[in-house]
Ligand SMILES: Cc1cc2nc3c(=O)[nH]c(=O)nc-3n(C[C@H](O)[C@H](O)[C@H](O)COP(=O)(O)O)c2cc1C
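Okay, so here's just one chain, in structure tokens, the form predicted on its own.
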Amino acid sequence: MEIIKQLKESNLTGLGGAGFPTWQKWQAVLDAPEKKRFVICNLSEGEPGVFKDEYIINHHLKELILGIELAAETISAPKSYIYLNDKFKKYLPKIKRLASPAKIEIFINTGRYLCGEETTLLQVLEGKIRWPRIRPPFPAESGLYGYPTLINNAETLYRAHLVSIGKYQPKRFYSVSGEKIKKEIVEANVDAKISEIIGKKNLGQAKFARIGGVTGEFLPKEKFDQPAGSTGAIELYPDRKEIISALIESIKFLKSESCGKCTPCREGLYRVAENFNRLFDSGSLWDRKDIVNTIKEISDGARESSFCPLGKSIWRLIESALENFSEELLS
């Protein structure tokens, strides 16, 4: 189909964090033998430092709805869903004015962090327990109620619409925030450097940043010449902020969001949080080295054996902190 070709030529990838080629996802659903299909627009956005969905609702809602309709037409899906975080329910009348109830059903839920994972989102939509499913099969083959399902986040569907009308440019939205930093959405090239996105004023105030959301990377200012990528989230921290405090905040959030299905994630996050608190209180260099080694072993284990991306991704936070701030963590 023409839109699949256009998506392929545009190099548009998923803008929720995974970065999977959009055309391949659409094509996989289109190729599924089962003819009953669904489209889901994920507007759950349940993690700190990521807030572009609300911006899209306020500034590009019409184009988003057209993107959902385009996806449904492409894969011949008679029904689409918008999974709406309940913090956005104030926009429900606005969405309903543009979204045909015969074609698009709006499902409101708490939008917890884990619903960013596709199979967990499907579980919640089906009224089941909030935890991930075994893959394969993937949603493109067996998704909502067992039927092929295309799941994209809001920005991906918005950009897909731009591709279809010949107005797409390789840009994306970045969520920029931090302590005493003005919270804002910046539209810039998909490969824009962190320093270009945040601007000189914010660059001068920052000691380090967390990019890619709550399971992203901690980077010192010296590495702000690399692309932000992933979820497009950039959280800036000032000179007075200690890396260990930022780490503890991240791990506490992830621990509270773990579904508890698998031991490596459930127990691993608990033990990592416990050891970071020990590290925070420890005055002995040798003890601190032992604690850091224990944290690394636990996170490596979770990376290798957790059921879903939440547990698997905690190593990224920890590895980046150890690589870039080991002296501060051990002092």
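The first residue of the sequence shown is number 1, and the count goes up from there. From a predicted model like this one, the values you see are computed outputs, not experimental measurements.
Same protein, other form: the form predicted together with the ligand, not shown, and the subject of what follows.
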Counting only non-hydrogen atoms and a 4.5 Å threshold, tell me whether A18, N152 and T156 all contact the ligand in the predicted bound form. yes
Even though the ligand is not shown here, does L114 get within 4.5 Å of it in the predicted bound form, heavy atoms only? yes
E118 within 4.5 Å of the ligand in the predicted bound form, heavy atoms: yes
I'd like to check something about L310: if you look in the predicted bound form, is any of its heavy atoms closer than or equal to 4.5 Å to a heavy atom of the ligand? yes
Partner proximity in the predicted bound form: S299 to the ligand, non-hydrogen atom cutoff 4.5 Å: no
Using a 4.5 Å heavy atom cut-off, which stretch among 63-71, 45-53, 30-38, 285-293 contacts the ligand in the predicted bound form? 45-53
